[in-house]
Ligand code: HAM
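Below, in structure tokens: the form predicted alone, a single chain.
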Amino acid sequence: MVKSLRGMNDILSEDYERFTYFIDLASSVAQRYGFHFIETPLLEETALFKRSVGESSDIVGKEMYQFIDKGENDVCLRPEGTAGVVRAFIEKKLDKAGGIHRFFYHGSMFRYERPQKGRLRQFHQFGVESFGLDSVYEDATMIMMVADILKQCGIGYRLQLNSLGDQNCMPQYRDSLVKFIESVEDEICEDCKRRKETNPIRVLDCKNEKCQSLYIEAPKLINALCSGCQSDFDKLKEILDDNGIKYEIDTNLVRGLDYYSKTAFEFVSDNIGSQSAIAGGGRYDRLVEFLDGRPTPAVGFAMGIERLMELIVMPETKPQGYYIGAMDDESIDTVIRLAQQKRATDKVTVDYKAKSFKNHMKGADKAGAKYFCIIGSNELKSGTMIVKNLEDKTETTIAFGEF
């Protein structure tokens, strides 16, 4: 028997209902904030992610589904959503058009990593990207949008904030951090030694417990911000305070991708084990320029849908639609004809086999129908059907035309 690949799961039944419920809810919230849907390809040039996500990241270094296609192109399945949206933004010349452009997206991402609860090799993200606004108010809007989505899903969270500085204050901080790393280099892991050469700030994101204990003494970027970054960070906290969004400062929060600067944030849950991040994002003002576009300020976030699935509080569902069944073979064609006409306005479930009243009732319950409709030989002769309201238990007989 052929089975699904490890870390690539099917979405069926109740999981599908939760999945589509979240997508519809999050999309609705994004649209209320003035964002528009964008769809980008699953397959992109590998160079896109090497230049954007960064070769120092685990994603590019270890986790991409990368291969040479039949046209000798170096391609990979997308490991995250932002880079593809930025590529589309530049390719459609929106960077040169100016103005504000706001997008949301959802779909599959792929990373070759060890599958575990809430972390798969094919997983799904909901993401939002905003281009053209160099304003901390847009950063705050992103955070408030995530908070709205989680609130409407009934999900509790803790919000963690940090500032990653910019080209004015990052270089001096990087120098001081490298000096610290060198002072403990004999005790840190091989990944951190590699990151010291490629992107030193990433060592703060190391999951090795020994490394983390050493980095407690590391210099903090938040204490080395330039006046502009400090002012933005103070304003961000003020906006969140004014709008009732609680947060905590995490000086080691750097995010897992190389393109972030200034605002960085993560929403975490204490109910899903060690992999506690359920949403995260921040500002990436230089990414458009890195990918050969016109310099454009940008900010965004992404949410891992699989991590949210068991946390979502589903609304109470009420029976809806119709179930129509035939009690004998002669009535089946009529049942199908009436069902097809009724589908112009309503949800209709049909069982194509002749069954008893009792067995059809079981089918109606399973379908979650509000109305149970049945046709037998007597009803076929009189042009009528029995209709039972499964909520209030009333029953009536109506003509086909009235149905």
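We number the residues from 1 along the sequence you see. Because the structure is predicted, anything quoted here is derived from the model rather than measured.
Not pictured, yet referred to below: the form predicted together with the ligand.
In the predicted complex, at least one heavy atom of G304 sits within 4.5 Å of a heavy atom of the ligand.
Within 4.5 Å of some heavy atom of the ligand in the predicted complex lies at least one heavy atom of R255. When contacts are judged by a 4.5 Å heavy atom cut-off, Q125 counts as touching the ligand in the predicted complex.
Contact annotation for T82: at least one heavy atom lies within 4.5 Å of the ligand in the predicted complex. The three marked residues, E129, Y259 and I278, each reach the ligand in the predicted complex, with a heavy atom inside 4.5 Å. This chain lacks the partner; the member of Y105, F89, F233, Y173 within 4.5 angstroms of the ligand in the predicted complex by a non-hydrogen atom is Y105. Residue in contact with the ligand in the predicted complex (any heavy atom within 4.5 Å), chosen from E113, D148, E138, D250: E113. The stretch from 205-213, 304-312, 319-327, 222-230 that comes within 4.5 Å of the ligand in the predicted complex, counting heavy atoms only, is 304-312. Along 140-160, no residue reaches a heavy atom to within 4.5 Å of the ligand in the predicted complex.
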